[in-house]
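In the block that follows, a single chain appears as structure tokens, in the form predicted alone.
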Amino acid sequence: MIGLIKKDLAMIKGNFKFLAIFIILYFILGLMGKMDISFILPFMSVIIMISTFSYDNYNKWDAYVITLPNGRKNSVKSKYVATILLVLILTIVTVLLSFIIAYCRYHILDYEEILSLTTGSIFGTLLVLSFMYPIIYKFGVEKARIVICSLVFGIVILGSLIIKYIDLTGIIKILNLMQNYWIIVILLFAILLVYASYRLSLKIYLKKEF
């Protein structure tokens, strides 16, 4: 599986120069106070890794990898692991940049705020990963875009109806009780979400024919 992870990372190495320029640009904008970079860089890791699905499809990679021992399982697992590794790396870069920006602008380091923003960005990024990967495995990258847009539109409508017609008092009370442990709760929920996404993607991929 390590070879498959290296394969995915090697496929995106052409994006590293663009990513470096992107980091410098948003660092400058962060210093100027014109943009919050806490979510953008980790989110970019998922966007970059999604491009590997297109490369795999173009090079007929799936037809080859399924011939390897545990090829299907290792292929899905390596895709998730490679993405999470890239998310963690860019999250660390984001934290370092956030500390530098905060110190340069305010001459003070607000550890709690940076931790909150970092936790939120990790959760948001893993949520996107968990949501998109099973859809991509099911429909392919091109069709997945249409499916994802349709689902997002449906979720927005459903969310609006829930807020309008359902009493959320009980849920709000539960969230207030967990406010002292929210970081642990969010991270645990994110881990479970990614695992459920992986299992669903694996189930889809095991049944897929090439």
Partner chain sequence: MTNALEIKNVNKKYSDFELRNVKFTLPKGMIMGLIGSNGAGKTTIIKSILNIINYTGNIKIFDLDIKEKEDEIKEEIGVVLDDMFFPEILTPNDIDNSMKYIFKNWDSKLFNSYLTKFSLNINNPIKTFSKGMRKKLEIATALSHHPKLLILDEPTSGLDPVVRSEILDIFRDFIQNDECSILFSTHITTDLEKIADYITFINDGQIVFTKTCDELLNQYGIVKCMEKEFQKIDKKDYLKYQKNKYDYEILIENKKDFKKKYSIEVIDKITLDDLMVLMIKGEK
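Positions refer to the first chain, counted from 1. Remember, predicted model here, so these are calculated numbers, not experimental data.
Another form exists, predicted together with its partner chain; not displayed. Remarks below refer to it.
Comment: 70 to 78 is the region of 70 to 78, 83 to 91, 136 to 144, 117 to 125 lying near its partner chain in the predicted complex, near meaning a non-hydrogen atom within 4.5 Å. When its partner chain is considered in the predicted complex, A10 lines it closely, a heavy atom lying within 4.5 Å. Put simply, L31 is far from its partner chain in the predicted complex: not one heavy atom of it is within 4.5 Å. None of the heavy atoms of F43 is located within 4.5 Å of its partner chain in the predicted complex. For the chain shown alone, Y26 is not a contact residue for its partner chain in the predicted complex, no non-hydrogen atom being within 4.5 angstroms.
In the predicted complex, Y55, D56, Y58, N59, K60, W61, A63, Y64, I66, T67, L68, P69, N70, R72 are the residues of 41 to 77 with at least one heavy atom within 4.5 Å of its partner chain, listed from first to last.
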